Structures are given as structure tokens and as C-alpha cells.
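Below you will find one chain, with nothing else, as C-alpha cells; this is the form predicted on its own, and questions on how it binds or moves follow later.
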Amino acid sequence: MVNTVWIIKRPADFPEIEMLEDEDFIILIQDAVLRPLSDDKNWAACKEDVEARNIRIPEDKCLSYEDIIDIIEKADKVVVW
């Protein structure tokens, strides 16, 4: 179960770490995929945006649009930055 899904669109638009709870999940889309997070966080990047920018992010951290929609539907709250 995901409490809050944080959808981040730009590299500079990350929430303050104090705002995040253990059950929160960050999804990087658009240019935010250029700034991946450390592996100890609950995060993933949009696979299509990663491929479009020709960058390398571990495969287990890449989500398709379908995967992202599934996470959004199961979340209690969604915040887009």
C-alpha cells in the first residue's frame, strides 16, 4: 500500500525529505529522470522518459505508463510537483 505518490516533473522539484513518509513513493517523469535518487528510497522513473533521454537507470527502477497508473490508483493521495 502506498500512502502518497509524489510525481516529480523537473530535477529541481523534489519535496523536502521531512515531508516523505515510509509508505510514500516517488515517480520521476519528464526531465526529473535526469536526477535519479539513491537506491535506499522508494522511487522509480518513467521508462519511456528514461529511454527518450538516453540515460541509464537500473531496470528495476523503471516503470511503464501502465505500472505508474496502477500505483496511482492504489495510492491514498497523489502530489504532482
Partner chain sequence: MAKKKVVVLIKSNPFSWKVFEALRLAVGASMEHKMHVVFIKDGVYSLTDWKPQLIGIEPFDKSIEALGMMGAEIIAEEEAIRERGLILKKWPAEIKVMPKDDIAELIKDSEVVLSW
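Residue numbers count along the first chain shown, from 1. Values in this document were obtained by computation on a predicted structure and should not be read as measured data.
From this point on, the text means the form predicted together with its partner chain, which you will not see here.
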Item to check | Partner proximity in the predicted bound form: residue 53 to its partner chain, non-hydrogen atom cutoff 4.5 Å | outcome: yes
Item to check | Contact of residue 16 with its partner chain in the predicted bound form (heavy atom, 4.5 Å) | outcome: yes
Checklist entry - Quick one: does residue 37 come within 4.5 Å of its partner chain in the predicted bound form, counting heavy atoms only? => result no
Checklist entry - in the predicted bound form, which residues of 63-81 put a heavy atom within 4.5 Å of its partner chain? => result 77, 78, 79, 80, 81
